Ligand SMILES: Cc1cc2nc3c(=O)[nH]c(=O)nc-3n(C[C@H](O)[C@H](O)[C@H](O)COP(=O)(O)O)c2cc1C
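Consider the single chain below, provided in C-alpha cells and representing the form predicted alone.
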C-alpha cells in the first residue's frame, strides 16, 4: 500500500500529518531546521509568547528524574515583537504550519496576543497556555496554573480569547486537577476549537547531600516517558465527553506512544522532551505512523482516532 493519508483536521487547522511539537521544547522551530526540514511536521508549535520579553526563572531550572525531566524554565521568551520581526519570517520562508502558544496574566492579555498574531499573519492556529505550573507574578491575581484548575476561569478566558480571533483556538490544560473532563468541557463551552492536554505534572527533586531542592523554583513540571500513561488516560477521559478534537501530549517518544494517544481519542499529538534526546524525534514518529498504517492495512490515519477496543 502506497497511498496512505496522514492528513488530519485539528479544529479547523488542516495538518499534513498529526504530529507537532510541544511548546517550549522546540524553540521557535528554526533552531531544529538544520537537523531536518521542520516543515515536514504537521505543524510547528512555537515557544510561549508574551506581550513583553520574559527572562524566566533563575537557574537551576532543569533536573533529570527517572524516565523524565523536571523543568521550571518559567516561560522565558523573546516577546511578541521580536517573534513577529525575527522568528516568524524564517518560519514562513520554510513554509511551516504554525501553532503559536500564548500566555498572559489576564484574559485581555491573551486576547491582545491572539488578535495581534492573526492581524500580522503570525500563526495558523493559537494555543492558549492556561496551565504552566511554574510561573509566578506578584502583580497577577491569577497565574496560568490557577486558571486551568478552575472550570469557570477556563470558560471565561476562552470566551474572551475566542472573541479576539477567528483562528483555530486550542486551550492547553493542566493535569493537576481532580477531573480533566471539567476544564475540558469548560473550554469547549467557551468556544475552543480543540483542547491540548496534558501539560506537565507538578513534581519536586531534592539533593540529599545538600538537602536542598534541585530547582531554584523548588517545584517544576514533570515531562517525559514517566507521565505517558497519565496523559493517555486523561486524553481518553476528555475525548469521550467532548465534541471538539484533542491534541494529545505527554511522554511521547515513539510511534507506538503516539498511536496510543490516537486510539484513546486524540486527533493529533505533540512530541516534547523526546526532542532533547533526539532532535528529529517528531519526524521519526511521522515516519513510524506511516509504517504502522502500511503494516495494518490502514489507508487513512483518521481510522485510528478513538478506535480503542474494549
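Numbering follows the first chain given and starts at 1. Worth saying up front: this structure is predicted, and the values here are computed from it rather than measured.
One more form of this protein exists, namely the form predicted together with this ligand; it is left out here, but the text below deals with it.
Put simply, of 71, 188, 97, 217 only one has a heavy atom within 4.5 Å of this ligand in the predicted complex, and it is 71. In terms of contact with this ligand in the predicted complex, the residue from 75, 155, 177, 169 that brings a heavy atom within 4.5 Å is 75. Interface residue remark: residue 25 is counted as part of the site for this ligand in the predicted complex, having a heavy atom within 4.5 Å.
Taking non-hydrogen atoms only, residue 57 never approaches this ligand to within 4.5 angstroms in the predicted complex. Contact annotation for residue 252: at least one heavy atom lies within 4.5 Å of this ligand in the predicted complex. The shortest heavy atom separation between residue 224 and this ligand in the predicted complex is within 4.5 Å.
Residues placing heavy atoms within 4.5 Å of this ligand in the predicted complex fall in a single listed stretch, namely 47 to 55, out of 237 to 245, 34 to 42, 47 to 55, 277 to 285. In the predicted complex, the residues of 186 to 216 lying within 4.5 Å of this ligand by at least one heavy atom are, in order, 198, 199, 200.
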